[in-house]
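Okay, so here's just one chain, in structure tokens, the form predicted alone.
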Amino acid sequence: MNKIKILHMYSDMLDLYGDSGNMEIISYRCRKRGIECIIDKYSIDSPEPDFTSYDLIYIGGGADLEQQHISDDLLRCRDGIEKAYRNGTFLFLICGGYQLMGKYYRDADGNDIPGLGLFNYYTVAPSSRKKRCIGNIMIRTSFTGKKVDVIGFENHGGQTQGVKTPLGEVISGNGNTTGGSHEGYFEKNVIATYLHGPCLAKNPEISDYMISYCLSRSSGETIKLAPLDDKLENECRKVMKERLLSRH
């Protein structure tokens, strides 16, 4: 049986807007295809695992307070996470997880929360906590090799700058910065985004991209997934897409 192994980091602290649901969706889509999906959890001060033994590492979103709490522990794990990333382990990062893989996150009070520095972007929050990017968002991506419209919900004060390889172009919403033209960060084994909701509920292409990547990496050959019935997801996305486009 095909198998993927996932490490869900700080699931007890980073779960804004149902982010932990992303793991339920990946597990479900694996199960429907007969793929074994093992999801381990890591919390602050847990024994440091062998990060390279995982096919995918997932970190969800949290507010400034939660990011401050996990920062030291995350830095403790830096070498292991970087080794896994360099070795091809997939990183799926939402909001706070996205920010903390950059150089730093500067909060509204001007305090710098150090990131792992795996990527060259950085995030700065405005001094006013009332200035936030909030609402449904649609971006247009091509990470699967074809154009895909991705929909989610953003709620972040941080303005992420210095991103050279974004996940997609903003069609409606803000993205990495207020009124920005691009959203998220992408490499072949990294998807980082501000999309909550949970993100994967409306976007099966992202789930399947990651599952296919993990299986292909472990087997050494390109794995094409059997299609699933995504009629409900596509109908939901169509309704939201039409609603967002009508505003323009």
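In case it trips you up, residue 1 is the first one in the sequence shown, and so on. Everything numeric in this text was worked out from a predicted model, so none of it was measured.
Only in words, not in the display: the form predicted in complex with a small molecule, which the text now covers.
Only one of 24 to 32, 202 to 210, 48 to 56, 64 to 72 places residue heavy atoms within 4.5 angstroms of the small molecule in the predicted complex, namely 64 to 72. Of the residues given (157, 166, 173, 152), 157 alone sits with a heavy atom within 4.5 Å of the small molecule in the predicted complex. A heavy atom within 4.5 Å of the small molecule in the predicted complex is found for exactly one of 105, 119, 85, 92: 105. A residue is said to contact a partner when one of its heavy atoms sits within 4.5 Å of a partner heavy atom; residue 225 fails this definition for the small molecule in the predicted complex, lying far away. Taking the partner from the other structure, the small molecule in the predicted complex has no heavy atom within 4.5 Å of any heavy atom of residue 240.
Contact annotation: residue 13 falls outside 4.5 Å of the small molecule in the predicted complex, judged by heavy atom distances.
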